[in-house]
Every structure is written in C-alpha cells, then in structure tokens.
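Just one chain follows, in the form predicted on its own, and it is written as structure tokens.
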Amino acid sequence: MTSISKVAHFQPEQGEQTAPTQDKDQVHRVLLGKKQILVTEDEPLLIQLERAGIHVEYQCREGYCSSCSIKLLWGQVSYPFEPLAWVQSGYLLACCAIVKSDIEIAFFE
C-alpha cells in the first residue's frame, strides 16, 4: 500500500469543534467509516481516538506488543521512536503513531 503524498489539510468551519490546539499545531482529519475526528500532531493517535469515544484494543501503550494495530488505508503517520513491536505493512500502532496528514483507518476483526 502506498501513501498519498499530496494532502489537502482540513480547515474546520467557523464554530466547529476541534481538539484543543495552539497556532503552531497541525490539525488533520482521521476518517473511520462514516465517522470523522480531528487530531493534532502533539500526541499519539490512541489518546485522541479514546478522547473521541472510539475504543481501541491495547496492552502496553508503548509500542511493544502491537495490540493496538489498526489498518491504515491511506495517509501518513510517523513514530517519535522506533516501536519494538513488528508493524505489518499497511498498518499503524495507534499507541505511538503521530498523524502527519489526513488519514483513513479501518478496524478489521
């Protein structure tokens, strides 16, 4: 799966709620089916998904176990440190992934 290199950054409508941000923070859309949440680059995706009421399985919260692996359909994430867990191609570890563009994710059983 290749990443999309061109990304149109979402600008919220006036009055639309977003995650708390500072002027320097980048805001990105995370699409999950028909649901959409806004995230920043200042904390891992797992924390922001939980804040939005989206349950993600996890164990270690530190990139050791891969329990929080989520399918990345398109977009880009990065890791502030190399996870010790193996990250399957086309997936991300929500506990330590930092969203770097608009992304679409999917949960598969």
Partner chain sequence: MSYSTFNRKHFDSMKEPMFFGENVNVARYDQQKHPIFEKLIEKQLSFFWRPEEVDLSTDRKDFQRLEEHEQHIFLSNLKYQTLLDSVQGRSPNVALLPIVSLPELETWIETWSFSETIHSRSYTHIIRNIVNDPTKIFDDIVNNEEITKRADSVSKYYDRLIEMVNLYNTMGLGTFHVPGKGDVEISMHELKKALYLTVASVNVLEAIRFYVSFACSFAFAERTLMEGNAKIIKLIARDEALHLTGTQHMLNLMASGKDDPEMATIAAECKDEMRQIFIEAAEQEKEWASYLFKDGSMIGLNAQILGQYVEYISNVRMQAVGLDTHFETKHNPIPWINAWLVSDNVQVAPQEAEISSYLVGQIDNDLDESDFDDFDL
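Residue numbers count along the first chain shown, from 1. All figures in this text were calculated on a predicted structure; none of them were measured in a lab.
In what follows, reference is made to the form predicted together with its partner chain, a form of this protein that is not presented.
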Its partner chain contact at V27 in the predicted bound form, heavy atom, 4.5 Å: no
Heavy atom of E43 within 4.5 Å of its partner chain in the predicted bound form: no
L49 within 4.5 Å of its partner chain in the predicted bound form, heavy atoms: no
Its partner chain contact at L32 in the predicted bound form, heavy atom, 4.5 Å: no
